[in-house]
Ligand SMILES: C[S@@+](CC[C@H](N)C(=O)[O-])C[C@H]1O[C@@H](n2cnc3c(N)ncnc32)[C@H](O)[C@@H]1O
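The data below hold one chain only, encoded as structure tokens and taken in the form predicted on its own.
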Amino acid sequence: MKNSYICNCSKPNFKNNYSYWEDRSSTSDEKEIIHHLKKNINLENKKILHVGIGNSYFAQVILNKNIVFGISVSSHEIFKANNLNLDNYKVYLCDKFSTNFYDLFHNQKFDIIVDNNIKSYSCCKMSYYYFIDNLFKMLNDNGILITSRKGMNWYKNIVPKLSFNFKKLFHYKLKEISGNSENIMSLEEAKFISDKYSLNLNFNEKICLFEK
């Protein structure tokens, strides 16, 4: 099913066969989030949503006695995730800013939601606030949403690019290009969001955490 949106912004057709982060190293952002979770959260019997699965390192480290759901706009990331054959790891090809994201998860409640870059790739304010509204509805009581402080300052767009290497030959990959600086998520905005959705906000120099 093709991704649908509430806005009319131009977007790639993410149903196409795109490569992205499946063979790249995990970012420091993700590792800092993992470190915080393992140090501060009881990670047993949790239902977790990972927005942007990348190379699936997060699931391999965190899964254990938890259930992890993940989404990605890259079919290559989805293919790699499925080939790991991890129990209780379910992944979907989906753009978080689409109405498909709501369709997939509006009946689900999560104990932990992880998104390294909550606002970074949004096409417009309409889609961003639609996503945020859906996201916090999916949190269980006492659930948390965690993001990266580095990711809050990140603003990029992703576009398809025809590329070549000897392993994959000619193939399409998703390339990051300069985005809209309005997609920087300030602490003031984080505080506004926490107030709007009656959440507790905690942060340090590496992570930002919203608690329901």
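These numbers were taken from a predicted model, which means no experiment stands behind them. In this text, residue numbers run from 1 along the sequence as written.
Although it is not shown, the form predicted together with this ligand is what the next lines describe.
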On the criterion of a non-hydrogen atom at 4.5 angstroms or closer, are Thr27, Gly54 and Ile71 all touching this ligand in the predicted bound form? yes
Counting only non-hydrogen atoms, which stretch in 139-147, 61-69, 41-49, 154-162 is within 4.5 Å of this ligand in the predicted bound form? 154-162
Could you check which residue among Ile112, Leu135, Val91, Cys94 gets a heavy atom within 4.5 Å of this ligand in the predicted bound form? Cys94
Tell me, yes or no, whether Tyr121 is in contact with this ligand in the predicted bound form, where a contact means a heavy atom of each within 4.5 Å. yes
